[in-house]
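Heads up, the chain below is alone and in the form predicted on its own; it's given as structure tokens.
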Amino acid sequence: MPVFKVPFNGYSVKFSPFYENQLAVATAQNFGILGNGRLHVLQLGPTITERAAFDTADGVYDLCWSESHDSLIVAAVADGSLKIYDLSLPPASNPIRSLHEHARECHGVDFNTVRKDSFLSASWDDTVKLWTVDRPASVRTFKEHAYCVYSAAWNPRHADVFASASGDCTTRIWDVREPGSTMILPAHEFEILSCDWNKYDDCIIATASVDKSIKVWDVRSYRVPVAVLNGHGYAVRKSCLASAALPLCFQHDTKVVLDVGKMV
């Protein structure tokens, strides 16, 4: 199996929505506690080659590819900024934009797959912000969480709906047309580090927590989780939900694949 070793600790990996053999990797020095960051863009083949690399003064915690431009990547940086890179331009011309509104670390970023010009950022300043690529300022700020927001994820079918995961032990469901959140899930007793929608069932969402568990929820009846998945020895930092009958993949202390359909 081809291997590409990055100099810093990996924080996020995302495949391009346009090219199956291209991916980007967000990294941070010293596990993101202190030091620099680097965004790598890799080309997969018989060997893995580096197409581009962009250095930052602080760690890069997350990234997302544009859903409308195959060369654009948005990076979430520990200094609270969002940096937009254009792979069609030389390194000296990047980033093409640096957005500074968050008061603390920017920990998560997600592009809207339905309304393809907008993206979300989640920050340790307890807020989520809505952006469009063509504007130098955010469109709206969502502030209800009482502690750091670690993740924000658009619903895969509804252009106005997203979820946020927070250290206040809740996951909130939002509709950008409404003044506040439309649903609050008291999903875990400890900090929630990640949330992700089912790509084939827009009512199913997974949450990952410091309590070492993954929980799967149906927002149509959210008082009790559909499934509770235990097994990790440490906090679960990332989750990725495919469908109710396909694997739920998550990682922190190790990489685990579980068939949720057999757990329900």
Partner chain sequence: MAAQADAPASSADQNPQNPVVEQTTVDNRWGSKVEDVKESYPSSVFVNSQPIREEQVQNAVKFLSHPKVRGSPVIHRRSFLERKGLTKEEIDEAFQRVPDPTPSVQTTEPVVTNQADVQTQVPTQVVQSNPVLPAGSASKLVTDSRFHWSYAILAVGFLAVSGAGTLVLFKNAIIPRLKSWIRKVASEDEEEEGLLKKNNGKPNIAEEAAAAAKVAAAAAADVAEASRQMLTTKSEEKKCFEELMRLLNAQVHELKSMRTAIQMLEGGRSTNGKIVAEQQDDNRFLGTSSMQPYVNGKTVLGSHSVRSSSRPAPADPSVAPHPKSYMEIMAMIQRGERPSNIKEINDTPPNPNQPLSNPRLAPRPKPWEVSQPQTNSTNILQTQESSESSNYKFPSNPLSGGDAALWWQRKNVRITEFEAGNENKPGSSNVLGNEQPARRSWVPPQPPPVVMPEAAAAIRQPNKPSYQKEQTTDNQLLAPSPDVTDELQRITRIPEAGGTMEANGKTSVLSTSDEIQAEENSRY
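Keep in mind the model is a prediction, meaning the values are calculated, not measured. Numbering follows the first chain given and starts at 1.
The form predicted in complex with its partner chain exists for this protein as well; it is not shown, and the discussion that follows is about that form.
Enquirer: In the predicted complex, does Y61 come within 4.5 Å of its partner chain, counting heavy atoms only?
Expert: Answer yes; at least one heavy atom of Y61 falls within 4.5 Å of its partner chain in the predicted complex.
Enquirer: Taking heavy atoms only, is E105 within 4.5 angstroms of its partner chain in the predicted complex?
Expert: E105: yes, in contact with its partner chain in the predicted complex.
Enquirer: Even though the partner isn't displayed, in the predicted complex is A78 close enough to its partner chain, meaning a heavy atom within 4.5 Å?
Expert: Because a heavy atom of A78 falls inside 4.5 Å of its partner chain in the predicted complex, the answer is yes.
Enquirer: Though only this chain appears here, would W197 touch its partner chain in the predicted complex if you measure heavy atom gaps against 4.5 Å?
Expert: Looking in the predicted complex, residue contacts with its partner chain include W197, since a heavy atom lies within 4.5 Å.
Enquirer: Does any residue in 23 to 39 get within 4.5 Å of its partner chain in the predicted complex, counting heavy atoms only, and if so which ones?
Expert: Q29, N30, F31, G32, I33, L34, G35, N36, in sequence order.
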